[in-house]
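Coming up is one lone chain in structure tokens, specifically the form predicted on its own.
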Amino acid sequence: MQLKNKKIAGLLSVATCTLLGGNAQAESETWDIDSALLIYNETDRVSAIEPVINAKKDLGDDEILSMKLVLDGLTGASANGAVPSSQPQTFTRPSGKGSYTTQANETPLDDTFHDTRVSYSLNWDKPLDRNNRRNLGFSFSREYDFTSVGANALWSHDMNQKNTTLTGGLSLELDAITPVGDTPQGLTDMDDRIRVSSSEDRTLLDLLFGVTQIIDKNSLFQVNYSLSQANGYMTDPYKIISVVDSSGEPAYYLYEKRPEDRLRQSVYGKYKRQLDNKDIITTSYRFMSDDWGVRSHTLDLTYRVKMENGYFIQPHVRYYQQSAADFYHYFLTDTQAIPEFASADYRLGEMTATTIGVKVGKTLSDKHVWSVRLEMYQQSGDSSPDEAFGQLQNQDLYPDVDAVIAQFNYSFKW
């Protein structure tokens, strides 16, 4: 599951940037358009293409209306959670119609994975007086088996001659999940196909509090605290977990099951500085913990180099480290009691991930801006855990995930 406080966190980032802005402007007759095309490709796994259009209009007196449209197309192969075996394995498709086979000593992947998503969001940012402003937002997202409706609000208060800004945000999201083949009963045999409903619901409530401080004319520091509460269906209906025999060979497969609530907390700090040569350095750190037992650390660094003729180059490094959820298991054994919750989803396992890349762009004479970003992503975990036995000792139980990320941006007035 992805963090769901991105809406209000994104709004807070916008508020941070405006701290160094000037006075209110008259109404603009044009729209500021940011367009992007993101291409993501994992080796032998998932590929995604994501076009994005973000439109912003100044309504006058520092009142801003913005809209964002995102389209996603995902295809490829997705790990189903089962362990590799020395023998070929056959799995029933989520719809119950047909099956697919994984060859011996290979990670089981469902190669029919595909999805499309349409997401739309609207935000209205308006000053209330000299020192206070509010931002109201609405969002809607639709996938083949998932629908989400959300609303968010952000309040900010300037003080200390506008050198300090206090912020508070609230976000509510209502999700409806309609799995292909209906919702399986957690921790039941995949071959029994016990289904409990055609749809499930989930509610997410996020709170965010932040302080942004201008240190001097060239630098600022921001710190946020966020609290997220999720309730409802948190399980991935397409993931399974292997139950192995005394030789380590899979005996049968269970659908995974996760708790129906999750409380997450995170602290985020960012420092941004423009150097004397106009280069910009940005560093950030985030710590997250939840009641599932997951703890994560994220370090991020970018350095934007200003070059001649409007060009810039921006190297980027990101490091992520995560502990495993309390109910994460590589596999279960046929001699142990079935636990209350269990998942073999690698996204809930202990792992590290590194992103390294560079962004190159140029500001044109008409203030239009283009940029290209290319990054390499690698995720890894413990491929040979101590609990592995029998044939599992010869298998890669947490294979690396390698991906290439390319993004093309063009900003213009319309």
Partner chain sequence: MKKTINAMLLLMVMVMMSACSSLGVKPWERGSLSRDDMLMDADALDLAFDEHIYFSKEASSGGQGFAGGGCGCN
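Residue numbers count along the first chain shown, from 1. Here the rigid core means the biggest group of C-alpha atoms that line up within 1.5 Å when the two forms are laid on top of each other. Since we're looking at a predicted model, the values are computed, not measured.
Here the subject shifts to the form predicted in complex with the partner chain, a form of this protein not shown in this document.
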- prompt: Which one of these stretches, 245-253, 98-106, 219-227, 84-92, sits within 4.5 Å of the partner chain in the predicted complex when only heavy atoms are counted?
  reply: 219-227
- prompt: So, in the predicted complex, is Ser35 in contact with the partner chain at a 4.5 angstroms heavy atom limit?
  reply: yes
- prompt: Taking 4.5 angstroms as the cut-off for heavy atoms, does Glu50 touch the partner chain in the predicted complex?
  reply: yes
field: Residue contact check: Thr355 to the partner chain in the predicted complex, 4.5 Å heavy atom
entry: yes
task: Mark His329 yes when one of its heavy atoms lies within 4.5 Å of a heavy atom of the partner chain in the predicted complex, and no otherwise.
output: no
message: Just to be sure I understand the contacts: of Val196, Ile338, Leu122, Ile215, which is the one whose heavy atoms reach within 4.5 angstroms of the partner chain in the predicted complex?
response: Ile215
message: Since the partner isn't included here, can you check whether the partner chain sits close to all of Thr43, His114 and Met307 in the predicted complex (heavy atom within 4.5 Å for each)?
response: no
- request: Go through 172-210 residue by residue and record those having a heavy atom within 4.5 Å of the partner chain in the predicted complex; state none if no residue qualifies.
  value: Glu173, Asp175, Arg202, Leu204, Asp206, Leu208, Phe209
- prompt: Glu387: CA shift of at least 2 Å between this form and the one not shown after core fit?
  reply: no
message: Following rigid core alignment, is the displacement of the His368 C-alpha between this form and the one not shown equal to or greater than 2 angstroms?
response: no
